[in-house]
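One chain comes next, on its own, written as structure tokens: the form predicted alone.
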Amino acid sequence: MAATSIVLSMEGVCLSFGAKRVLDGLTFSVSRGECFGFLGPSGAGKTTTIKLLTRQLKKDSGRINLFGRPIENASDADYERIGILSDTSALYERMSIEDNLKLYAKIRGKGAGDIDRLLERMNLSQDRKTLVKNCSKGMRQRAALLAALIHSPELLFLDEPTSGLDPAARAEVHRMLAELKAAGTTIFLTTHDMAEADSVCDRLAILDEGRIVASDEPESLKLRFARNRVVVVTRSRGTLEVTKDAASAEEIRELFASDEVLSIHSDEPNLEEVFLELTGREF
């Protein structure tokens, strides 16, 4: 991975709150145009990591680089290249969705010309005049995402971006993220939705008690924990389970030759099962 393609990285980063070690030797990097998933049980340190990367907190030790330079040297201009959606993303309660977006566009030095398109994209055009205090959780989440995108950021931090969204809105967010990524936007994503992480992320890291316990492409992680088992559904012999070896290969060949095979698949875990295997905990 060329150094110039790395947008952000951590190397041996540690952080404690009092006597509690919250992050312990975090090391990873994220390339330009990549969607990097950061997964972990509640309290594992995901939001704390985002706060370090956005300079809301300071590390105890280790190195953090942002846009190719130490984070301590990051300028205001660097942070203008970043968009953030978090559980503390600020929308003004007594302003409408549209007026919130106009305000964020003004703060970011952008015109309001893209607001109509964004509202349409997130199915908020009919609700544009609704005060935020009267919005449902899903409407707030969609509006907050648009506020994070209003200035076309190069780097996007998304903390549970589809929380509270219905399936249609979640699918639209996923399509938008794919388009952003294709256009070169780098995305750092935390989510509790393992299916979302599997379909959206190019690579991911699993965090447990402040340490990264695994990091790889989703498919590679699942293959790493694949079971030594092949399941064959037959016409007349029921469901057979065989191991992945030469003897079983011959047995499967004979089943195919006798037209017995209805379906066959190897037994890889899904990402949720890998997560539970590595952390021993629910989300």
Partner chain sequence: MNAAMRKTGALLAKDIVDLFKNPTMLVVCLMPVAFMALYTFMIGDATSDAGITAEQQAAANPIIDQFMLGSSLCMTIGMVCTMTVLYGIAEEKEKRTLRTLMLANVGASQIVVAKSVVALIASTAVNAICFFVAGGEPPMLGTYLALGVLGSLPIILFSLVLGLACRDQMTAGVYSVPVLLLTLVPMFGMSNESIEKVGHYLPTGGIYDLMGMAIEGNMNLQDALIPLAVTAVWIVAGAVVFSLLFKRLARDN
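Numbering follows the first chain given and starts at 1. Note that the structure is predicted; figures quoted are calculated from it, not measured.
Heads up, the form predicted in complex with the partner chain isn't pictured, but that's what we're talking about next.
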Practice item. Look up in the model of the complex whether Asp202 has a non-hydrogen atom within 4.5 angstroms of the partner chain, and give yes or no. Key: no
Practice item. May I ask you to state whether Asp166 is within 4.5 Å of the partner chain in the model of the complex, using heavy atom distances? Key: no
Exercise for review: May I ask you to state whether Ser86 is within 4.5 Å of the partner chain in the model of the complex, using heavy atom distances?
Suggested key: yes
Review point. Is Glu72 close enough to touch the partner chain in the model of the complex, meaning at least one heavy atom pair within 4.5 Å?
Key: no
Practice item. Could you work out which of Lys244, Arg55, Arg235, Arg63 is the residue within 4.5 angstroms of the partner chain in the model of the complex, going by heavy atoms? Key: Arg55
Point to revise | Partner-contacting position among Leu149, Met139, Ile115, Leu103 - heavy atom within 4.5 Å of the partner chain in the model of the complex | key: Leu103
Practice item. Using a 4.5 Å heavy atom cut-off, indicate which stretch of 226-234, 47-55, 251-259, 31-39 touches the partner chain in the model of the complex. Key: 47-55
Exercise for review: Spell it out for me: taking the partner chain in the model of the complex, does every residue among Glu80, Ala90 and Gly109 have a heavy atom no farther than 4.5 Å from it?
Suggested key: yes
